[in-house]
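We begin with a single chain expressed as structure tokens, specifically the form predicted on its own.
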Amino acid sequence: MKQPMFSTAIVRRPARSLVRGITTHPELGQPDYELALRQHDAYIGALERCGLAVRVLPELEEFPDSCFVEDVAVCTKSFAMITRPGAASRRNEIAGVRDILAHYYADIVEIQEPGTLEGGDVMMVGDTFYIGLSSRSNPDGVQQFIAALEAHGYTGQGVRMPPTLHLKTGSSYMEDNIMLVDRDFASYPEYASFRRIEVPADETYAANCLRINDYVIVPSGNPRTLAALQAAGLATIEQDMSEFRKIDGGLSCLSLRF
């Protein structure tokens, strides 16, 4: 067994206002709140199975998307970055995040206006970070983050984006030089050095999988992606994400991991 990369996760409970979350897929319908809570419980259980101690933050009813706690911070091995979400309705979700992270980090920095950055656009690959230049993370925010990375001995690289929400919506690093990609990202030169696993077009939601220590958490209902990951020698855990998918949420969105 490898030395664990992560020991801790922070999650936030879904609020009843979840049904008003931002969505680009209204055809999927509104989330079922009670089912979302059960799925969130199962998600916490999956994180614990991966070896993480999970801190559960209370719901924030005034912020329907606040369970997607990944977007308000980026946690590296040596410092934490508080973001400035690109969605205006989410911007005040960062209130109190510094106090929470201060339990774990002595060095905390923040994205400053006019920069925007959301954690869903940040993918860690060892000591290099790939950052999506998306509708949520603008060039100023990306450059601020890269400057902070370089000040701490890391490197960062902006990635041009296809029409998708976040970088990790369409590409996820599985460790061991394996990059999981959807069709839009499959031929990206930034990923040329990786062993790429392309998710089928009808399973594109599974491009957002979550590698934590010895497991990959995979959204259920994506059998070919699941089989491809297992064929690559990765141990998997399936997780039902149906209610979070309705408001553009994926597996990585629901936690901060460090």
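The first residue of the sequence shown is number 1, and the count goes up from there. Everything numeric in this text was worked out from a predicted model, so none of it was measured.
Just so it is clear, the following notes concern the form predicted in complex with a small molecule, a form of the same protein that is not shown.
Shown here without its partner, the chain carries 12, 42 and 243, none of which come within 4.5 Å of the small molecule in the predicted complex through any heavy atom. Although the partner is absent here, residue 136 lies within 4.5 Å of the small molecule in the predicted complex, judged by heavy atoms.
A residue is said to contact a partner when one of its heavy atoms sits within 4.5 Å of a partner heavy atom; residue 253 meets this definition for the small molecule in the predicted complex. Although the partner is absent here, residue 165 lies within 4.5 Å of the small molecule in the predicted complex, judged by heavy atoms.
At the 4.5 Å threshold, heavy atoms of residue 22 reach the small molecule in the predicted complex. Here the chain stands alone, but in the predicted complex its contact with the small molecule, taken as any heavy atom within 4.5 Å, falls in 60-68 among 60-68, 44-52, 26-34, 225-233.
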